[in-house]
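Consider the single chain below, provided in C-alpha cells and representing the form predicted alone.
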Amino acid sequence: MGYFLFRRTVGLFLTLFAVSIVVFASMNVLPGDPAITILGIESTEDARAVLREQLGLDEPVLGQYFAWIFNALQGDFGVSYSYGVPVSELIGERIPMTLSLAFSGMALTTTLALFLGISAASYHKKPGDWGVMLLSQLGIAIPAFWLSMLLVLLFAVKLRWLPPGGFPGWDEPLSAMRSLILPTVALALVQSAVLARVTRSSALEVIRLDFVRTARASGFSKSRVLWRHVLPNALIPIVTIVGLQFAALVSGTIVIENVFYLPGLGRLIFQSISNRDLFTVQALVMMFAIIVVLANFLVDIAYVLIDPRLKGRSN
C-alpha cells in the first residue's frame, strides 16, 4: 500500500509538472505577442514595451517559467491587468461560489444516479428499467446551457418559484441557497444521466453473481440485497465516473455561472478571456487542470480502499 501511494504521488507531481509546462507554453510561447493581445493591435510600441517590462515578458522564456512556478507555489499568481488586484485575491473571492456549486451538483448527481441506476437494475427489462434508460438518454442528449435556459423559463419566468439568476451573497443564507437551486439542478441532471447508466450496468453484472443469489436465498429483503450487497461490489466503475464527473462539474461551471450570472471562477475566466487578462487566465486554467489531475489521483486511492483485493496487487 505504501509503495502504491508513493508511485501515485510521484506520478501526480510529474503530471502536474507536465501540465504546468503545457499551460505556460500555451499562454506565452505560442505565436503572438501577449502585449498586443492585452493592449490591442492599435497600441503603440512604447506602450507594449512598458507592459512587457511590467509583466516580465522581456525576460528569457525559461526564466519566466521558473519565476511563475516559484511565485505560484507561494500563492502569488501575479496582478490582474484588468482588475488591478492580485490574481490570488480574485480567486479567493470567487472560489467559494464555484466549489459550492460543484459539491452541491455532485451530491445531487450521485444521489439521483445511484437511486435510478440501482432501481433500473432491480427491474431489468421491465417498464421501470426502460423508463430510466429513456430519461438518461434524454439527459445525455440535452446540452447543459439549453437545459439551464429551460429551467429559468419554467421555474423563474412562468412559475416564479426561484430567482432567474444573480447571487445575493452569503450574508443572506436562504436567498443564497435559493439562487443556487436552478444552477445545481442544471449541472446535476446531465451528469446524473451518465452515472445512472454506468450504475445500472455495473449493478447488473453483480446481481448475476452467486453471492447475490445466496443472499436472496437467505431471506434478506430486496432493498437490503441491493444496497448492502450489490452496490458496494459495483462501486469500482461508479467511482471512476464520479471522479471524472467532479472535474467535469467544476469546468462545467464556466457555462452555468455565465447563464445564471453567478460570481464564481467560471464567470471570472470568461471575463478574463474577454479582457485579455493573461495572468488571470493562466492561473485559472492551471487551477482547473490541477482539479482534474487531483480527481484522478483520488479515484486511484479510492480503488484500493473500496476493493481490499487490490492492496496486494498495488505493491
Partner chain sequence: MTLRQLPANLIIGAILVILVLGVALLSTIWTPYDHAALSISNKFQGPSFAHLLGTDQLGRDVVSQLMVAAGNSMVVAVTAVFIGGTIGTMLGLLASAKGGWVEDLVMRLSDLGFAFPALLFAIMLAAAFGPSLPNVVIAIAFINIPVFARVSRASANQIWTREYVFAARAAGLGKIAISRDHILPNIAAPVIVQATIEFALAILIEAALSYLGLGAQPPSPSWGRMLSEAQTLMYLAPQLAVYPGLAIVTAVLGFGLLGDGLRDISDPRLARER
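Note that the structure is predicted; figures quoted are calculated from it, not measured. Residue numbers count along the first chain shown, from 1.
Just so it is clear, the following notes concern the form predicted in complex with the partner chain, a form of the same protein that is not shown.
Enquirer: Test of understanding: in the predicted bound form, would F288 fall inside 4.5 Å of the partner chain by heavy atoms?
Expert: Yes.
Enquirer: I'd like to know whether V85 contacts the partner chain in the predicted bound form, with contact meaning heavy atoms within 4.5 angstroms.
Expert: Although the partner chain is absent here, V85 would stay clear of it in the predicted bound form, with no heavy atoms inside 4.5 Å.
Enquirer: So, in the predicted bound form, is I269 in contact with the partner chain at a 4.5 angstroms heavy atom limit?
Expert: So I269 counts as contacting the partner chain.
Enquirer: Although the partner isn't part of this model, could you tell me whether F145 comes within 4.5 Å of the partner chain in the predicted bound form, counting any heavy atom of the residue?
Expert: Yes, F145 is a contact residue.
Enquirer: Looking at 92-100, 175-183, 149-157, 74-82, which stretch has residues with any non-hydrogen atom within 4.5 Å of the partner chain in the predicted bound form?
Expert: One stretch meets the cut-off, namely 149-157.
Enquirer: Candidate spot Q64, T240 and I301, all three in 4.5 Å heavy atom range of the partner chain in the predicted bound form?
Expert: No, the whole trio is out of contact, none within 4.5 Å by any heavy atom.
Enquirer: What residues, if any, in 181-215 have a non-hydrogen atom within 4.5 angstroms of the partner chain in the predicted bound form?
Expert: Counting only heavy atoms within 4.5 Å of the partner chain in the predicted bound form, the contacting residues of 181-215 are R197, R200, L204, E205, R208.
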